[in-house]
Structure formats: structure tokens, C-alpha cells
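Here's a solo chain for you in C-alpha cells, the form predicted on its own.
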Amino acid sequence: MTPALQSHATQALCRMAPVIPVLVIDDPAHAEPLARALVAGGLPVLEVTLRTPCALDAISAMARVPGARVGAGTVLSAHDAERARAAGATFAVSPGATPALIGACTALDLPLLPGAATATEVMTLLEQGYRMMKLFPAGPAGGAALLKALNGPLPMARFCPTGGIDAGNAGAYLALPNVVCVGGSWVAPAAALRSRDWAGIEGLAREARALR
């Protein structure tokens, strides 16, 4: 799958809902009910970060939930991409992009949402064939003001900004013409996971879905 086809696939996923939950899962028992709550709340595209020992098991469990489109986040290497694909991830998200990672995702037919934080990085990804990107870390990099500035010279690039985004500022990002969706962890807070408050998480998902 070429980078251009990868971008076509990831942009289609990003258009399914205004928010992609960025999930850090410490207990594999949380995976299935969490996915069901988020899908029921209108957020079917889920990013499980590879930051915990049980992340791959969580991806496998969530991938079996009807309606869920599960991807792996914090994919940093070809090895990460291979493990994520084997676990059932249907896309990968990275905070940046390297030739090795791009090559692996191309060989694996695994759509990659690559990260960028500067105009040079955006231009480099565009040259590779990527038009759908992750702006990371969105807040520290310049936030909505940076995205607005990038849209002038680089209107062909589309973004899913992640990092420093919450319910209070997500709307400002989503109002920008080059933002397809945002990524955020606020829809599945750690306290709600610990208490297994699936109804509360579903409610947060419904509120996030209504942002657009």
C-alpha cells in the first residue's frame, strides 16, 4: 500500500468522527467494555498506544468489538508496526515518521498516520505521498494558530492534531479547514477506567461526537 493509498485510508477513518480517542490501557480487562462504550457513544475509531505491556492484547480484544476500527498509536519502528498488524490493528499512528517506519507500513499494507510538527516535516511527508498527517504535539508546537498558518502555503495537507487537546479547545481546532478530526485522551480518563465507569465514558464520547 503506497503512502498515497495509506493517506486515503486514514483520511476516511478520520472523517468517521470528530475525535479519535487516544487510549492508554493498563488492564486488558478494560479493553472490550471500553471499546463498546466508545463505539456506542459515536466514536468508532480508536487509537491504543503501545505504551503499556498489555497494549497488543487490548488491540486484539477491541478489534473484535462490532463497529470498532482499532489502530495502534506510538508506533515508532518497523517492529512496532509488525506487532501491531499481527495483533489486529487496522492502522498505525506515529508521533513522527522515519524511512524505516514508512517502508514497513508500505510493505505490511498498514495505513500510517505519520506525525509532523514543522513546515519542513509536512513538506517531506507530502513528497512521500502522505496528505493526511498527525500534528504532534499540537499544543506545544503552536496549536490552532500553527495549523491556520500552515494552511496558507500547504493547503493540500490535512491533519489530526493531538497533544494538549481537550473538550474545551477541540472546537477551535475542528473549525479549521485543514483539520479533519482531533485526537484526545479526555474521553477515557484514567479515573473512569479505574472505576469501570463505562456509562460515563459513553457520555463523554457522545459529547465529543457532538463537537461537529
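Residue numbers run from 1 along the displayed sequence. Please read all numbers here as calculations on a predicted model, not as lab measurements.
The same protein also has a form predicted in complex with 3-phosphoglyceric acid, omitted here; what follows describes it.
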*Of the options L204, C14, V22, L193, which one has a non-hydrogen atom that comes within 4.5 Å of 3-phosphoglyceric acid in the predicted complex?*
V22
*Proximity to 3-phosphoglyceric acid in the predicted complex, single hit among G164, P28, G42, P33 (heavy atom within 4.5 Å)*: G164
*asked:* Please identify, from 178-186, 55-63, 143-151, 34-42, the stretch that has a heavy atom within 4.5 Å of 3-phosphoglyceric acid in the predicted complex.
replied: 178-186
*Is the gap between F136 and 3-phosphoglyceric acid in the predicted complex 4.5 Å or less for some heavy atom pair?*
yes
*Could you run down 38-77 and flag each residue that has a heavy atom within 4.5 Å of 3-phosphoglyceric acid in the predicted complex?*
R51
